[in-house]
Structures are given as structure tokens and as C-alpha cells.
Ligand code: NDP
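Here's a solo chain for you in C-alpha cells, the form predicted on its own.
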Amino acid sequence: MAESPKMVHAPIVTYVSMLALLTLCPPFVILLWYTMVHADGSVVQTWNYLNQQGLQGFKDLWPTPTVIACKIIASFAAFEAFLQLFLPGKRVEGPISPMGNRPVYKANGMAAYAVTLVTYISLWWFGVFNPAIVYDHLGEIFSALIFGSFVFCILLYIKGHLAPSSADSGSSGNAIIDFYWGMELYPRIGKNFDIKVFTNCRFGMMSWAVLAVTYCIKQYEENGRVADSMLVNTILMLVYVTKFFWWEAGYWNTMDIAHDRAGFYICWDAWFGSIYLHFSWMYLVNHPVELGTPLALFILAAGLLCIYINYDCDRQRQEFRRTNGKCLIWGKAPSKIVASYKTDNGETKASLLLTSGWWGLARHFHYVPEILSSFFWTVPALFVHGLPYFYVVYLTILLVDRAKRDDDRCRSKYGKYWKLYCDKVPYRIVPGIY
């Protein structure tokens, strides 16, 4: 079996950081959930509780996975898997992999998103299922997901060793690295069920929208109305997720799908990013904030603008690639660099690097509106507590690291052409600063 190109000779600090994330992330998720739902968003209150109760207090607050929590997770996962497999969709080819393979997808994410929301809201509207139950069992669901995610990643690790789906697979020779970073680039069950599309898009991203609706319904049932802060949060989230599924085929060309292997790192981010993301919603359920119409509209408009810019960045690059550079960017022919590279099996390929439009401002400028979007769907919680802003900080660190890793990968892939690109577009994320 081929060696994984990722971190074959990783320094000891890398192993330590991986082990720290593997062991500290699960209890951290539970502590954050407890703080937002049961400690009024106050880190001090949680700290005082743990300081008084010690380890036993932590054991007492950790929710035990229950049958109903497992049923909710299994039902949602099965429903999304069914939609992914059986809803019709356009055939879309992904980018050529390092081993020269080109994955094929069925682009039915937008249809799956519409069916999911209509079904979920209809179940509530007609009294078949009350989404407030999801909120009431949220801790148990998170706890079940923690244990389930480890089992899922262990199965991915075993599959990568015993039954890889393509030549884009391999071991680093270190079990910790293989488990954390993953063994396979494109793991699939059969020919049609792509596991990364399921975890990142159909389970992960879909849960963002479903949970946002859940928090709205729970607040309505608790207070008889939905506060304008919750409405702003939820509208921005639903618009953002709509944008994502509208552009899902473009996402399959990004680092998450085309370069990061399927392991604990990417599965944890896909499954638990929604937890970090929804701290402001969790807080607002029991602490409704009335912003007033002018402030609510301002935050909504600013958030929508950021989501649009983020979408337009991706649209420009997608259109540029689709037309092989024969398009207009901001009303003009795009500037570009023609770069050649070799795949792992020795084939020479060519790529076009866009250096105008949003992509002429910085090499990863699209991360700026992405981070600002997360700020605007968090700020309706105002500034009583800092914890609702955890996702903004988390996302910033994640994207700064991702930008660096992508730059390192492109530098290794394109060589002198990447240097030319960096000379023309010198800033990594923020124009004039970084």
C-alpha cells in the first residue's frame, strides 16, 4: 500500500497536538453545551461548579446517550443517506486527484435540502414530531455523536487498510496519523455513496439548517413568539446553507473534499462544527434578545452582504474554471497564470490560476466574508457573554490554518508557477495586512 503524503515524518509536537485534540475535544464539547444550556452562557458559573464538585461534578453533567437520542441521529442519517442515493441529480466530475483519478458525483444537494426542510417543518406543523424534543435531548445527542464519531472513524481506518475505494489511499506508517488525517481521499460504499459528501454535506451542513429551525421552534414554544434576534440568526443561517447547497458542486473542488483525507480531523469538523456554530442559538433559546427593527435589519443586511460576497468569490472561480478562463471577471477578461504540474503517477497536467476579481485581492480572500458571516449571525446575542462567539474564533483559526496548508500544498504542486502567483497576489487572506 502506498504511503500517505501527509506528515509521514511528523515531529513529536504533531503527535502530541493530535492526541490532545482526540482526548480533549469530546469533554470540551460537553462543557460548552452545558455552559450555554444550563449555566446561562456563563463560563464563570461552569468553572465555579467544576471547582466545587471536581471530577464527580464533570461526570454528573456529562449526559448519557439515550435510546431516543440514538433514534434521532439514526433517523436523520438514514433519511439523508436515502436522499443522497435516490434523489435525481446532474452528473458532476470532481478535480483530478493526485493519482490521476477523477471522482464522479450526483449533484442533488439542493433538492435534498429542500426536501429535508419541508419534511422537518411539516412533521412539526401537522403534529407528527415536535422538533423541541431534539433540543430537550441535545446533550444526549451530542454525547452519542461523540462516541459514534470515534466508531465511525475507526471503521474508516479499517476500511482504508482493508478495502480502499481507489488508488488515492495509503498509510503513513503511524496509526495515530492515519486515524487523525485519514487513509482515503475518496472513500465510498459501492460506486455511488460518497462518504465525505455524506459526512460534510448531507449530515454536517444539513444539520446546521435543521438545528437552526429547531431552536426557533423551541423558543416559540417556550415564549409564545420568536425574538427578532433569533429570526435574524436563523434567516442568515438558512440563506448561508441555501448558498452552500446551490454551490455544492463547487465545494467538491475545495480542500475539504479534493485534498483532505477522510479521518477524525475532517469528520469531527463536519459533525461538531454545528455545535460550535450554534452557541448563540442555544443561548438565545432561553435568553431572547429584542434588537429592535433598525438594528435587526442592519445586522441582517450586513450578514446577507457577506454571504453574497462569499458566494460571488466561489462563483467567479467556478466560472473561470468552467470556461477555461474565457469569461469576464468584473466586466473584464481575467488575468491568469498558466501552471503545469505532475500527478503522483507522473502525468503532466495544466491548471489556470486566477489573479483578478476577488482572487486578485488575496489568495484566500473568500475567507474574509466567511468569517464576517459567522460574526453577523452571532452578534444578535449581543455581548453579555463571550462564549457565543466561540465559533467566530474557531473558524478564524481553522481558516488561517487551512490557508497556510493550501499555500504549502500549492507551492509543492506548482513550484515556480506558485511563486509567480504569490508575486502577483502577495496577500494570503486580508488585502494589505496578511
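All residue numbers refer to positions in the sequence shown, first residue = 1. Every value quoted in this text rests on a predicted model; they were computed, and no experiment measured them.
Form predicted in complex with this ligand: not shown, discussed below.
For the candidate set F264, Y215, Y240, F279, a heavy atom within 4.5 Å of this ligand in the predicted complex is found for exactly one residue, namely Y240. The partner is absent here; in the predicted complex, the one residue of K71, H161, K349, R321 having a heavy atom within 4.5 Å of this ligand is R321. Across the options 54-62, 380-388, 41-49, 398-406, residues that bring heavy atoms within 4.5 Å of this ligand in the predicted complex belong to 398-406.
In the predicted complex, at least one heavy atom of W359 sits within 4.5 Å of a heavy atom of this ligand. This ligand is not drawn, but in the predicted complex it has no heavy atom within 4.5 Å of K106. Among residues of the shown chain, W33 is not one whose heavy atoms approach this ligand to within 4.5 Å in the predicted complex. None of the heavy atoms of E80 is located within 4.5 Å of this ligand in the predicted complex.
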